[in-house]
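First come two forms of one protein chain, each written alone as structure tokens, so that there is a structure 1 and a structure 2.
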Structure 1
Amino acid sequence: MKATTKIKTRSLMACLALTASVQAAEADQNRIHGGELVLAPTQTNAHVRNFNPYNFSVGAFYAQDFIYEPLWIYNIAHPGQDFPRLAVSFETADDLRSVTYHLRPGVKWSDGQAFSADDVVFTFELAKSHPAFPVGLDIQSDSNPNGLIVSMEKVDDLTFVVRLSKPSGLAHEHIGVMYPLPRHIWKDVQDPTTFANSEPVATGPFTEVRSFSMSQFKVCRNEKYWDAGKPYIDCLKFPQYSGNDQTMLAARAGKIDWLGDGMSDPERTYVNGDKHNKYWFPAGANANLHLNTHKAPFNSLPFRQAFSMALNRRFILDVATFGLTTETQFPIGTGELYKDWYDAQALQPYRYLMEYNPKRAKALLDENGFVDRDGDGWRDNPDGSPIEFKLAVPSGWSDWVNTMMTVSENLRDIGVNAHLSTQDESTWFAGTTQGDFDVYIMWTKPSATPHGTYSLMFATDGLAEGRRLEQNMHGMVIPEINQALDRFAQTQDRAEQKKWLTQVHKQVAEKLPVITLFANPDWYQYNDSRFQGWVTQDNPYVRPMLHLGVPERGVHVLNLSLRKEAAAQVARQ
């Protein structure tokens, strides 16, 4: 019999994920409770008491994942093995126009009140009535008519339905990452944007703020946490560090348990200091070059192809970026992070664009009229106007500065007059929203599926003369890509999604809106003298980073516990 209302469910997957996480963790009885985990927070001159999970200047780093939990944690390293948090399952309706969530029973806020669908709906309404409150939900409104989410409605205490403005099989990726707020507290808040939330009431594993001073504070365990017996750790301790040097001195001496600092030579500057200092820099999001395709010579495809072939990526990987980056195989703007999503066979014909071939690059430029016309030794545009441009990068970002230096040398080798232009960070950031630039180096935004990354890279609403968004600085509109992305979003079948994604990949390789460079390392360092259960290269159960925007850190921290020796030491003191 064919079900008339076929509902696609993720709860089965969720169950699988649960067993997987149990296997990843050691048997619970062997775990020791206690200990204070020292984390290196975002650098600041003084701690400010703010635990608003949607205050991205201060509060979010501490409040997200540790104090407040999301509905769902996507396991980006292992697609499909997600971690259900405040929700236990969700179903996308057959017509893809609504998503129904089932919440975890028995969850309590840290003040003892029950958590329910009312809180979720309240958080949605709060975001809707305060556009300046960055909950991150794409809500449809008069000022945002193309918004995805129309409403959230409570069905019963543990169920709510999200109605969508258009069919989408991926809406859950936007909804699942929200951090519900307690209605009984926040309903009296005048303006959530400026609310400091200094005594957080939350459902996460750590909710009690203790001994707060401008140079250190602790957030300690939530006795009412729903996952009984967890967390194993008593408190998270956040010492203040204002600069890299001071952080490095402390980390090197083994005084920080978990951090994520950029290091060019980790063996010498970090591991050498303490035998328990370990690191793993997995391949993260890609770094690509954005050429301003609204002007010559970047509007010419052969020029972009020659540009791509002129680059000595091997040298960039091994020398310019200190051997810490990872090769990206195809000129599609994304790499290792989404390796499960490639169709290598379909992309093989474009592989030559990633290979260092200055000869072929020169020939291609010659063929297309990019030759030296005014005799100054540099190639000019086919119309005779000279080519001279800047490669913009923030000063002090040494790996990227080296990369851009190599790029400029490689281009000069084939007769293209390109200069390195280092800028103050703020100036560089400000430039990302303006159309007035030549070449920028830019990261990509990782998301649960490559769909999120590409939809930002090819968002059309930010494009206008003199206006760009940081992810679509190239300024190209490729309707085939947007169509393929729409089709991707309208299905939940992975094979089908992959088929549409391959269309996207081929279009990117064909038209080269961005010049693909390499996968940036994700920075992750830890000291395992006191705690165990760390994500390692051999046991990579989640992405291991401490950064804001990696919700998996909430899973990671729950898996850490005191080592026997360290516990004995604590007991002696």
Structure 2
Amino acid sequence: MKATTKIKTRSLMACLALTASVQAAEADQNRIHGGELVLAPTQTNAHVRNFNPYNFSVGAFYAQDFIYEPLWIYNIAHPGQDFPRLAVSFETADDLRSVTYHLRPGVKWSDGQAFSADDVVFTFELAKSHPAFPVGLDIQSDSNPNGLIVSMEKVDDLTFVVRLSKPSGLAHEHIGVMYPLPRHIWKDVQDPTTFANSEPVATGPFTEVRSFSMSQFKVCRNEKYWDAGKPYIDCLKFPQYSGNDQTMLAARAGKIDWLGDGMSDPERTYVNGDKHNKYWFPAGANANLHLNTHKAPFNSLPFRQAFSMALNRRFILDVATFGLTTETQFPIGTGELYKDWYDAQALQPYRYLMEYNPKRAKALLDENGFVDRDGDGWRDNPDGSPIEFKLAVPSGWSDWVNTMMTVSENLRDIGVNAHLSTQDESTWFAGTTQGDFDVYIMWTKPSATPHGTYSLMFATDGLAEGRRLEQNMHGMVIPEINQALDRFAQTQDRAEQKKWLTQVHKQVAEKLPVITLFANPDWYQYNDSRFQGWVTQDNPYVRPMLHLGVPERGVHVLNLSLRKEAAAQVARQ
């Protein structure tokens, strides 16, 4: 029972850490209930009433973490100090072939129905029967024979067991992030991928949609929320902003409590607008370019290598991203967040791929037949077909727009006809699953270990056209990476894990499924005139960002409460 005991202990420590953290946070604060928190987690031209937590074009931005809660929230900023949510503990079997979860007793859906293991198993079965429904579980199937999860089985109302296709000590990283759905509501849904879920029934802290228009909507407290006394805030208010400029105009005036926008000079463009405007940009996960390797010229390794060497990353770091991003040393798709996992000596031979060398890039293209064959001034594929492609980026994301503009200019300097393609944010997100693209810029998703990040980047169940995952848009299957990740998951010895991770790093550097750019800052701005309990550099209890993909935002919002001055103002209204 060694593995079981070890992981049980870790679960207990997580609970104790959470309790201590919350007690410490509450000890010196006078909590006041009430108020409407104004948030801007994303940008759109018009709000669409969709609260499907697995709709990554619209619903997930608002439904995940606020309306629906996961089983477990990893504290990425403080490994080992996790936040058990709908599950309170888990046990991995001695042979690493199953994981047993224990659910939190007393949890109810917002319509009063009891939450149970039936709902969790139902969500798994729904994902299994609808492969295009992106629940994110690595389910074994005919189309995904190497999938990790074979089955989920109810043991009793508060217990379920997950059977695995192969030994894994890290399966919880995949399963714990699942957002269960209410069986009594979703069992009658014909197609979960198109279900708008306009009247959500959920277990999260905010479930009641009080008002909705294309320009603003409001979601208010769940009176049946399991954590007694929380949330402290009455409602979340989501105004509509179509781009960075519009968002920053409102934020600078102190009209937004919480946001996460890229900005070049935060002191001048944000802080000077209101004395309560604050920001903190800790180093975050990497941003990479995903080239569609299912078509030319991106299916050519020499082309991808030339692409990487053509990029002036120093200019991108210092100018395009305003000096707020961090250099990534090696072409492995991850950066500073996991620097302690590097084997720098093993990766040094690939360092040249991160260096700006347009001369060498042009020579490599010439050697491999990517030359101008029709005299129009642009390089063509070796078969004579023209090379012309788009670099897709959301129109309002100025730092990434600048980056892609620089990429376009760098490629055109070596004779490659690449165009910047700015898109409405919703359109851009919708395009991530289709596979019909040339080049996308994309973040990496942090995890408790690099294994989680690379597992998403090389998940074989997300490669079918029409249902790709945002993390593996490159579309490349590299069996050596999946094998090394399997070996990583089969041990809990850090040195052994690092050995297998080095194999992953070398395969990424050799085959370049993604073009590594830089480590993004974690964009985080807030106005503390009305609410207290914010994550700060001095009290970094969780990652502070508001955007989708940061489950800790659900912990963050539960720690916010009205300041006395703001409460008095609310009382006078």
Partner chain sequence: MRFILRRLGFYCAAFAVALTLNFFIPRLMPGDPAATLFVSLRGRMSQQSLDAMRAAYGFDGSLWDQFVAYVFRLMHGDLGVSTVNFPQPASEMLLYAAGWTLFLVGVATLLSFAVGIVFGMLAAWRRGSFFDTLFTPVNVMLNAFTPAVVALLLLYGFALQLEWFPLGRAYDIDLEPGWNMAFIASVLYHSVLPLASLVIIAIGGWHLSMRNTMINLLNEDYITLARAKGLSGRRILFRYAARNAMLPQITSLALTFGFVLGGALITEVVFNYPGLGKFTLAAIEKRDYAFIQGQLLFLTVTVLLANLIADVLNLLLDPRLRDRSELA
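Just so we're on the same page, rigid core means the largest C-alpha set that superposes within 1.5 Å between forms. None of these values were measured; they are calculated from a predicted model. Numbers follow structure 1, counted from its first residue as 1.
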Note to self: Quick check: structure 1 or structure 2 for the form predicted together with its partner chain?
What the structure shows: 1
Note to self: Considering only the two-part rigid motion between structure 1 and structure 2 (each C-alpha going to the part whose superposition fits it better), are D493 and T321 on the same side?
What the structure shows: yes
Next item on the list: Fill in the domain rotation here: degrees turned by the smaller rigid part against the larger between structure 1 and structure 2.
Entry: 31
Checklist line | C-alpha positional change at L517 between structure 1 and structure 2 - rigid core reference, Å | finding: 6.7
Item checked: Angstrom shift of the Cα atom of F330 between structure 1 and structure 2 (superposition on rigid core) -> 8.1
